[in-house]
Ligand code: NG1
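Given as structure tokens, the chain that follows is alone and in the form predicted on its own.
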Amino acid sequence: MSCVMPSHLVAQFKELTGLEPTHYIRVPGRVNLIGEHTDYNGLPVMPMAIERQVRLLVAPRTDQRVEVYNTVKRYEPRTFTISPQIAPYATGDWGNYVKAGVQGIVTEALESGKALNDIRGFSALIDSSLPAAAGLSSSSALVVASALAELTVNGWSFDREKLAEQMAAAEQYVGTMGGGMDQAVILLAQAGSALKIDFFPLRITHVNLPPAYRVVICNSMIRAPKTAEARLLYNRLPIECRIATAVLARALSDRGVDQSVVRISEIVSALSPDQVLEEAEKLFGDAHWTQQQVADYLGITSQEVAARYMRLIDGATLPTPPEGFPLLRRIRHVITEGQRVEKSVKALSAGDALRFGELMNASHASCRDDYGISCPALDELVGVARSAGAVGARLTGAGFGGCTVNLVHEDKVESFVETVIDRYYGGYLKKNHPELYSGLQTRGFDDVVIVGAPQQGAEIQPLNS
């Protein structure tokens, strides 16, 4: 067991809960090296677990209540009662991520025949070194940590691969239509290697990184919360991919593609990536398709398009973008990004760091131009990183803000960090977002420029009373 209990938290836990902690749970964040927004489309990704983490001290309760405290004061305590359908807090409340993990475990327990009265709640103190809304999976780490707490206090065993798939579904509780990358790497990572993750079914392959290179994570300081307007922007992307898949499947039905497919990966497996791209270019062109155009092509009404393809998790319908749906660009990014993941595995297996860096750079361009998830700060930070010596630099995570991930030779790490601090934080950020920069001057840059190596996945440590 590599996790070490943070002893300074025990006294705080006892004071808040009146209980003795029985378990310490450590759940890492993750950084995605390449393969952005491909997981929910059924195509591979390549993340690694990082040293920054969510930590829980946990004790079982004798009732069915869950009470959670946070060492960060702005996250006020949350308490709720376990039930078959746990009602969410208001959108954006941090407690919803705890509820998501617990709800996922409770649902599975009830479906397996366990009685509701036999399911115990827990008390927990949460401490995190993961920056929120930075694209490093702080939300998924909290969901997984809460699920592990519920499993642990009830003494239930679990299979990590199955739990990863459960938690990918469970996180939809908070209204995010994501894939399964975060949960898989958080639970299945091994120290020293990244993971290539394939989906439907979930499969993992360990990938070694070049020994002479370091992964450096840089926080743009532009927050990318998956709530409110930002969550709508994020959820628009899976919907556009769903629409593009339906239209392409109909167009390619005479080429052996089943019209009932729901993911781009299913079309790619029926033909080939290059063939699908060629057909998509012919079909979509550079035009944005209207909702009515989609309906006419599929032979259904506009209302049916909304009902089948544009429904959000909360039951609402995605508002039709005034400019229409850029279906070719979405398809092109997803397919080429999946190809870049496969090429990255080959490059890294051959020890070719420069080739991997080229693929990272191409990924950022695709995320920016075809998927529309970059922003001026991320583009600036990527440009500074490359000029500072990164052989590869790209946005990472959902986009719209958050972090970049950079591949830097170990001999250049020190100068790289100095240049990024000077030119991005002391230059661009200070000029364009002075309120963000002033906070950094006070607390320093250790939390915004992180030199990392692949870490172990989630761990649970029993504590001796």
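The first residue of the shown sequence is 1; numbering continues from there. These numbers come from a predicted model, not from an experiment.
Below: the form predicted in complex with the named molecule, not depicted.
Asker: Within 4.5 Å of the named molecule in the model of the complex - does that hold for a heavy atom of every one of 96, 150 and 173?
Answerer: No, none of 96, 150 and 173 comes within 4.5 Å of the named molecule in the model of the complex.
Asker: For the chain shown here without its partner, which stretch in 120 to 128, 297 to 305, 137 to 145, 67 to 75 has non-hydrogen atoms within 4.5 angstroms of the named molecule in the model of the complex?
Answerer: Among the listed stretches, the partner-contacting one is 137 to 145.
Asker: Select from the listed residues 241, 276, 181, 217 the one whose heavy atoms reach within 4.5 Å of the named molecule in the model of the complex.
Answerer: The residue from 241, 276, 181, 217 that makes the contact is 181.
Asker: Do residue 37 and the named molecule share at least one heavy atom pair within 4.5 Å in the model of the complex?
Answerer: Residue 37: contacts the named molecule in the model of the complex.
Asker: Is the gap between residue 289 and the named molecule in the model of the complex 4.5 Å or less for some heavy atom pair?
Answerer: Looking in the model of the complex, residue contacts with the named molecule do not include residue 289, since no heavy atom lies within 4.5 Å.
Asker: My question is simply whether residue 397 lines the interface with the named molecule in the model of the complex - judged by any non-hydrogen atom within 4.5 Å.
Answerer: So residue 397 counts as contacting the named molecule.
Asker: Are any of the heavy atoms in residue 234 no more than 4.5 Å from a heavy atom of the named molecule in the model of the complex?
Answerer: Heavy-atom contact with the named molecule at 4.5 Å: present for residue 234.
Asker: Using a 4.5 Å heavy atom cutoff, which residues in 316 to 348 contact the named molecule in the model of the complex? It's fine if the answer is none.
Answerer: Read in sequence order, no residue approaches the named molecule (within 4.5 Å, in the model of the complex).
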